[in-house]
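Taking the form predicted alone, here's one chain by itself in structure tokens.
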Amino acid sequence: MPYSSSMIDLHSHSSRSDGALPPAQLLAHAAAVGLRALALTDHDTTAGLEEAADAARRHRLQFVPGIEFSAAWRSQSVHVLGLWIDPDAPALRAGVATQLDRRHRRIRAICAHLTREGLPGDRLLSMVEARTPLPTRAHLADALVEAGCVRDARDAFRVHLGRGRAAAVAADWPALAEIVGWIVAAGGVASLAHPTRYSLSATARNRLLTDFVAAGGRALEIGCGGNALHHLDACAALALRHGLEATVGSDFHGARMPWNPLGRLAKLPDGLVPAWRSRGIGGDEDG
């Protein structure tokens, strides 16, 4: 598979959500692997953007302020990247606050279920909340490992946290159109993340994108870490069909997900319009 020569990565995570590296270290790593531009898109938070932007200036990298929001479309959870956002936009700040509240309520509910299973739910909750201001199930899985309740994070989801398990609590995310509205109000570009990962039929995927475009969505993540060549082609066809620009991103988290190394991205197929073309990023090449 041909890889990008412009080295643009518009999907990465820091320790401000569920990534391994603090924002400054993430940007240092980006410079070390030869990236020219990086977006920090932590889950439902902009807390790391200032630190990341400062580090980008030190390393002479082009920095894209971003976020990855969790949203609901029908009964499906989907992720939407907000790129080139103004983190101080009132609508975005209010949205981030509501997402944080949802995440705390969900983790507390999961820990209550774990207590009913005979596990130390209160202790696990304290461990997670001491570790991060933005709790995720990944943080809780780590706490279960640290407390000796499971062997590894995969077991935490298989036995306790995954869909259909006793401690599973369904997410209560805002509707897709509302999330896209926050991004647009913040001057950002909304890009639907990793579209082939959702459990949807081809017909439903097209309906999702129709609704996404109607809400103000402008881009589709074409290349994402771990994608095979047929995924790239399928995403390209969807973008062309719905008139969407293209973004690329590794979805880098760190050593936890070694199949998503920072900056290892496939070159965009011909005919797509890169979302960064009008943003002064990347030079002559498109992918």
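Computed from a predicted structure; not experimentally measured. One-based numbering along the sequence shown.
A second form of this protein, the form predicted in complex with a small molecule, is not displayed here; the remarks below concern that form.
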Each of Arg93, Val96 and Trp182 within 4.5 Å of the small molecule in the model of the complex, by any heavy atom, yes or no?
no
Counting any non-hydrogen atom inside 4.5 Å, which residue from Met257, Leu232, Leu238, Leu61 sits next to the small molecule in the model of the complex?
Met257
Of Arg36, His253, Arg218, His29, which residue is found within 4.5 angstroms of the small molecule in the model of the complex when only non-hydrogen atoms are counted?
His253
Does His160 make contact with the small molecule in the model of the complex, using a 4.5 Å heavy atom cut-off?
no
Just to confirm, Leu125 within 4.5 Å of the small molecule in the model of the complex by heavy atoms?
no
Proximity of Arg154 to the small molecule in the model of the complex, heavy atoms at 4.5 Å
yes
So in the model of the complex, is the small molecule close enough to Thr136 to count as touching (4.5 Å, heavy atoms)?
yes
Listed range touching the small molecule, judged in the model of the complex by heavy atoms within 4.5 Å, from 117 to 125, 143 to 151, 185 to 193, 98 to 106
98 to 106
